[in-house]
Structures are given as C-alpha cells and as structure tokens.
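Heads up, what comes next is one protein chain in two forms, each shown on its own as structure tokens, labelled structure 1 and structure 2.
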Structure 1
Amino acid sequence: MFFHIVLERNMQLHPRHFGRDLRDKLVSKLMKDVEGTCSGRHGFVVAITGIESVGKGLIRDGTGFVTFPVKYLCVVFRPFKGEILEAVVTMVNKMGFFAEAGPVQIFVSNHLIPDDMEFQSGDVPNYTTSDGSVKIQKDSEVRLKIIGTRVDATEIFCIGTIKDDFLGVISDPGSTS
C-alpha cells in the first residue's frame, strides 16, 4: 500500500556547496540518497514530493561539513499481510515462483499454487493446468495475496498465494492475444 508521510533526515553538506543554490544542492542530495531506499519501519521510499523545512546547519568540528536537519514529504510503498497485489513473475522453479510488485519481491511456494497446476521443466520452466489453458512462466502477470511479511532493517520480504478466488494469471506472455 502507498502512503504519503513526513520523514526527517540529517543531511551533511560539504562547504564547496555553500552559496546561493545551497537549498537546491541539499534537496538534490536528499533525493539521490533517499529515493529508492528501504527502511523496515516505513517501507520503500518511492519519491520525495516536497520539502517541509530545512533547519539551521550545525558545523561539524574538524571537517567543515555542515549537518542540516531536513523534514520532507515522500511517497512510500509498504506491503501488508492480506493485501492483494499484481506482480510480474521473475523466476519459476519446482519450489514455486518469485514475482516482483514494484520494489518488493514475493515468493509463492508450490503449496500455495492451485492443486490443478503442475510444474513443467524444460526450456521455459512453468506451472501449467492439466488442460494447458493457464500457464505461469517468466514475465507472466499474476494477481496474488500476501500472506506473510518479514521486515529487516533495509529490506522487506513477502510470501504470497494464488490459491484463492480471483487470484492467478492476469496475462500470459506465451499466449497470442
């Protein structure tokens, strides 16, 4: 799920950046350092949408660097247990498959894939129904439900299932439509 929140970070800036465009340098450094990162508490930082405030700088002894407290608005993505997501399959093996929904990687075990689907090894490993009408392979789009998350300091791991109503393949790259 996406959230728009206020975060705070202390930014260090080298004295060579001091001048008329100090604030612009601070904002561009903040975007470079923060966008695309993951904090276990808030989730993946997708984009910085605005700067709320830049505090007074504190000169670091001996280095000349200045530390500025910066409050900023950003969009974060944090998956939750029970959430339904659409994802793209990145890898298929006999244990299940991995899919990506934006920055988060989700593993779907073969025990959480419907019983009528079987693993087919070969040039393109996939899970196929007995009649061959539905196929999950690399680059397939699937709708899945998150049944578990594990949060580390810098990463979020998810376990998903497609063994529920209205879940499964949305589009198959192997079909000609």
Structure 2
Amino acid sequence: MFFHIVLERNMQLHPRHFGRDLRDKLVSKLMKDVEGTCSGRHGFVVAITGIESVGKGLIRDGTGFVTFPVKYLCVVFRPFKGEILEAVVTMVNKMGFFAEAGPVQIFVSNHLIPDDMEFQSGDVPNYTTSDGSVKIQKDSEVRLKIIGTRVDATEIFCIGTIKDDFLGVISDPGSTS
C-alpha cells in the first residue's frame, strides 16, 4: 500500500556547494540518496514530493562539511501482513510462483495454492485447474493476501496466499483488460 509520510534525514554537504544554489543542491542530493531506497520501517521510498523544512547547518569539526537536518514529504510503498493486493505473475515453477506488486516481490508457495490447481510444466509453466478453466502463468494478474514479510538491506520480500475466498486469478495475459 502507498503512504504519504514525513521523514527526516541529516544531509551532509561539501563546502564547494555553498552559494545561492545551496538549497537546490541539498534537495537534489536528497533525491539521489533517498529515492529508490528501502527500509524495513517505511518500505520503498518511491518519490519525494516536497521539502517541509531545512534546519540550520552544523559545521563538522575537522572536515568542513555541514550537516543539515531536512524534513521531507515522500510517497512510500510498504506491504503489510494481512494486506490484499493485486500482483502480476513473473515466474512459475513447481514450488509455486513469484509475483510483483510495484517494487515488491511476492512468493506464493504451492501449499498456498488451491488444491484443485496442479503444476503443468512445459514451454509455459503454469498452474491449472482440473477442468482447465483457470490458469496461472507468467503475466497473469492475481489477487493475493500477504501472510509474511522479510526485509533485506535493499528490498522487502513477501510470502502470499491465494487459498482464501475471493483470491486468485483476475485476468489472463491473453485477455484484454
């Protein structure tokens, strides 16, 4: 899910950037340092939408660098346990399938796929019902529920299930939405 949040960060700036463009340099450095990063608490920082305040700079002893406390508004994306979301399947194998929802990867184990769906290997590996009416393959859209999350240094990885009511395939890659 997306959130709009105020975060704070201490930005260090080299004296060569001081001048009338100080604030612009500070903002572009903030964007380079923060956008695209991921933390366990806030999730992926998708985009910075604005600067709320820039505090007074503090000169660091010995180096000449100046540290500015910056409060900024940003859009973050963070998955939660119990969240239902729609994802696009990226890979299918006999252990289950991988899907992506925005910047987040989700794995659905074959134990959390309905029992009436069996894995079919071949050129296009997929999970199919016995009557062939429902198929999960690459680029299928599925609605799933997140049951667990794991945070690495740079990404969040989730475990999902489609074994509950109103979960499963939304659309096939061949169909036009």
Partner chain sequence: MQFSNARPHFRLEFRLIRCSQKEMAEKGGKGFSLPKGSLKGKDDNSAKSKQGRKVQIDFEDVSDPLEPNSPKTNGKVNTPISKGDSGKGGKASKAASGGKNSVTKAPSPEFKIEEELPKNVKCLMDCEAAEILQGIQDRMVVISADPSIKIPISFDSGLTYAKRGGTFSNPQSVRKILEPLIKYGVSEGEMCMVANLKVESDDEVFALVPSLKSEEGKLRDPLKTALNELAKIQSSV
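Since we're looking at a predicted model, the values are computed, not measured. In this text, the rigid core denotes the largest set of C-alpha atoms whose superposition between the two forms falls within 1.5 Å. Sequence positions of structure 1, starting at 1, serve as the residue numbers.
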{"item": "Form predicted alone - which displayed structure it is", "value": "1"}
{"item": "Residue marking the hinge between structure 1 and structure 2 [rigid parts; choose from 60, 93, 78, 30]", "value": "78"}
{"item": "Rotation angle of the smaller rigid part relative to the larger between structure 1 and structure 2, in degrees", "value": "13"}
{"item": "Residue 66 CA shift between structure 1 and structure 2 in angstrom, with the core used for superposition", "value": "4.4"}
{"item": "Per-residue Cα shift, residue 21, between structure 1 and structure 2 [Å; core superposed]", "value": "3.4"}
